[in-house]
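So this first bit is one chain, no partners, the form predicted alone, shown in structure tokens.
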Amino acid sequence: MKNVVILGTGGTIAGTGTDPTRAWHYVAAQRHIGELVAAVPELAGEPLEWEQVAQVDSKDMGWPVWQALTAALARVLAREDVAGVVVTHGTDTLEETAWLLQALHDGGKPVVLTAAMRPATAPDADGPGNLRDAVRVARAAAADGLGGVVAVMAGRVWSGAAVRKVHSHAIDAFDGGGEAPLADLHDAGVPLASGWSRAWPVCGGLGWALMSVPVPPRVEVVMSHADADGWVVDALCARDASPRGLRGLVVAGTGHGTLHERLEAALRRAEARGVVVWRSTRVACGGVLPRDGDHWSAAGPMTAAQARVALVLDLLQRQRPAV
């Protein structure tokens, strides 16, 4: 069999604590990816490789780590002896990384993200089971000729374009924003309970080279809420003279992307200064669908955090030299 390569980036799955009775009291990103693999007896004898790409708490995820991760993915996925890749990650920003990889990847091979809600030292640590499932999903998808980006958590396989964290501390903390999972996994002896319930997502294919810029365009997220007067938008625009002046704004609106009238006025002022504005929603499911008469682009089913990543990539494509 071909190899599955596991790329470690840190997160709670690699976290450790000193008191098993207080599993919430821990430090993320402590254990090497090799230790995490060794803690899963079901993976013994599997043709695996692993590499520590980064070691961060995913709340601190940023462009340099994404650059290191995408460079590693480009290198590993190009190898003939690699069936697929598993990426261990923190849960806090997993939905952003998954969306980024889904947009860049060509879909030739499976890339499976996994994480944990409990640290490695917790009595109910979920990391080993999630890692086992992620490797098996990567291998099963490769055998089926499937490529793309998915996330495996708590026995479910989610599209990388749809996955999002919806619970702050439950073991089963992820869903697809209204989309059903691609598969439900069952016992450790059988990789998949009933095959894939839906088609795997189509990748964006923008290419790993898009990550080569040293510093990305600045895109921020603001929220519409009661008393939203646009002060924060005006404050952000006031820094336009800085080296990384504001280039884009994603606004998490109420309902179907509706905006407080005073916030909307501030966004129009920002737009007049060249800032690109996209509308998302603070509502958990449904997203913001485009409608006739929209002044600003709708973010579709993306969360506001995913839409921020999408707008960064959109701005990078705009500044690419014409071929």
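The numbering used is simple: start at 1 and walk along the sequence shown. None of these values were measured; they are calculated from a predicted model.
Quick note: we don't show the form predicted together with ligand ASP, though the next part is all about it.
Among the residues 295, 32, 291, 59, the one placing a heavy atom within 4.5 Å of ligand ASP in the predicted complex is 59. Between the options 224, 97, 159, 91, the residue in contact with ligand ASP in the predicted complex by a heavy atom within 4.5 angstroms is 91.
When contacts are judged by a 4.5 Å heavy atom cut-off, residue 26 counts as touching ligand ASP in the predicted complex. Ligand ASP is not shown here, but in the predicted complex it comes within 4.5 Å of a heavy atom of residue 116. Contact check for residue 306: no non-hydrogen atom falls within 4.5 Å of ligand ASP in the predicted complex. Comment: 116-124 is the region of 212-220, 80-88, 196-204, 116-124 lying near ligand ASP in the predicted complex, near meaning a non-hydrogen atom within 4.5 Å.
Shown without its partner, the chain has no residue in segment 297-315 with a non-hydrogen atom within 4.5 angstroms of ligand ASP in the predicted complex.
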